[in-house]
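Only one chain comes next, encoded as structure tokens, the form predicted alone.
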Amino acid sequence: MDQETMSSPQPAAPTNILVVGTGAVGGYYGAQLAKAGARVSTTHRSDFATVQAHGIQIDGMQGPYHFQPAQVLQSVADYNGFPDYILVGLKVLEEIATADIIRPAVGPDTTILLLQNGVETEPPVAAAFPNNEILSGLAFVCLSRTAPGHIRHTCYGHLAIGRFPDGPSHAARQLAHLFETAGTPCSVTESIVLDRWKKLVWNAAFNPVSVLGQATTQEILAHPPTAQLVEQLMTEVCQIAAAAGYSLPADCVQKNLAATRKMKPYKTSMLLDYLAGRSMEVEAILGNALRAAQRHHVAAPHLENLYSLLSLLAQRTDATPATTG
């Protein structure tokens, strides 16, 4: 009996995950990982006291549910130990030094998942942690933070993750298994940069136009001039991606437009940031794409015009440094 007891397998320890930047995206996907049995801790700025006292309430597509993080922290440095994964939901802004923020919690075996918008955003973190695996992730989801500690999930929810810059990844597959266990579809790709360009087709069109037009996605598509504009913007992104070595499917633009028409009316994350007086991710979503266009000698006049207008608007916004939490 004693011998059998000693030789019986022990339950696997839960995967430890630290969410840095626990806004709508970080909070929602952290909750999914907790559903799958991971031990998920979160960092917060403005809603620290609320989450510490009450956790995070998510109004999901299938009904409301509650997420109580294992540790609720104001600072990454307060995390007890080193996590298996750090899920980064921080905004990609010049004033936010992601590598410096997460450094206190990065252990020798910590995998870093950057769940952020834009293209060409990973290199600074990859350079700061050359011995750690960097995963890049894309969230195809409609989320908004409606109040401190409250998140509304409107549409979609699937993820794509992969090793940066490319290649197979056991760590990515393990994380995808946790998401799938929680009922969140998560694909693992060996070319996450290609997938980033594919997502930018939507983001570089609808995010800027939603701000400048003060409109939801459905209002943009219902107005013929802006519907035509987003199609032109999407086409330019596809041309830049192809020149950079990442050719997208021929029907990419039309599929994006068709999928958006089926969505509920949605205020983009950039519009929500603008309306709340927060900094907008202009450089990550537009600036980096245009710099790639310049390197590869691709004309992108519609993107250039939106970038000029949006960067001017961003200068006028008296915003504090913003994260997704």
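If you're wondering where the values come from, they're calculated on a predicted model, not measured in any experiment. Sequential numbering from 1, following the sequence displayed. Between two forms, the rigid core is the largest collection of C-alphas that superpose within 1.5 Å.
If you look for the form predicted in complex with a further copy of the same chain, you will not find it shown, but the lines that follow are about it.
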Within 4.5 Å of a further copy of the same chain in the predicted complex by heavy atoms, the stretch out of 36-44, 254-262, 54-62, 267-275 is 267-275
Using a 4.5 Å heavy atom cut-off, state whether L312 contacts a further copy of the same chain in the predicted complex. yes
Contact test in the predicted complex: V209 vs a further copy of the same chain, heavy atoms, 4.5 Å: yes
Within a 4.5 Å heavy atom cut-off, is H223 in contact with a further copy of the same chain in the predicted complex? yes
Does L229 make contact with a further copy of the same chain in the predicted complex, using a 4.5 Å heavy atom cut-off? yes
Of the residues A160, V201, V193, A215, which one places a heavy atom within 4.5 Å of a further copy of the same chain in the predicted complex? A215
Scan 20-45 and note down the residues that get a heavy atom within 4.5 Å of a further copy of the same chain in the predicted complex; none is a fine answer too. none
E219 C-alpha moves between the shown form and the other one by 2 Å or more, core aligned: yes
Just checking, between the shown form and the other one and with the core aligned, does K35 shift 2 Å or more at the CA? no
Core fit, then K267 C-alpha moves 2 Å or more between the shown form and the other one: yes
